[in-house]
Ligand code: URA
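For reference, the chain that follows is the form predicted on its own, supplied as structure tokens.
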């Protein structure tokens, strides 16, 4: 069972109200603190059980600073470390009611250490601020929090591999649990896949509310997709998605 499957199992039992699990102890050895007579085992007697607290999916009192410290300054957990310049953790209001989640850093982000600072990031800033202004919502980009599924730039901006998403996804999940926003906006198929565990494309997912744990998730197009000149319809749809998110969070 891999990490993602174990996480799903723990979440399932926690949602059912299970707070403890029972670990079956092995038959004792001379060094063991529990002795089980061999005869009893042959007669079908149950092995002693030890109560253990169900492990938390995130440390108690978790904070963004603690998560960043746990990642470290030179994370080597997956192959993405081989070509990166800087780890791109996230930026914005750490108490925001809205978190935007993208795929991974690009060249500009890798150089500066901040998410969405290149052309796609400039478009995202315009989308947030222009839409908020037109809808009478007094927020700007620094008022929201922005991060990515993976924290290091994939080579040539390729799509992150499943194992890379799984390894780095644990930190994304901790970020979201620490912030506890009112809603999450997943930008692009990689973010949607990481949060929703789905293989469906953005076109089918967008415009509707989904859930990650108990947090509402709106899926929309990644800003880099909207930069392509032939995606005019997608731009209109993305702005509609953003209006839904902003009114849901800030009205």
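Positions refer to the first chain, counted from 1. Every value quoted in this text rests on a predicted model; they were computed, and no experiment measured them.
Beyond what is shown, the protein has a form predicted together with ligand URA; the following relates to that form.
K.L.:
Specify the contacting stretch among 79-87, 169-177, 106-114, 132-140, defined as having any heavy atom within 4.5 Å of ligand URA in the predicted complex.
P.N.:
Every other range fails; the passing one is 106-114.
K.L.:
Is there a heavy atom of residue 193 lying 4.5 Å or less from a heavy atom of ligand URA in the predicted complex?
P.N.:
No, no contact at 4.5 Å.
K.L.:
Just to confirm, residue 206 within 4.5 Å of ligand URA in the predicted complex by heavy atoms?
P.N.:
Looking in the predicted complex, residue contacts with ligand URA do not include residue 206, since no heavy atom lies within 4.5 Å.
K.L.:
Taking heavy atoms and a 4.5 Å limit, what residues of 123-149 are near ligand URA in the predicted complex?
P.N.:
Heavy-atom contacts within 4.5 Å come from 148 alone.
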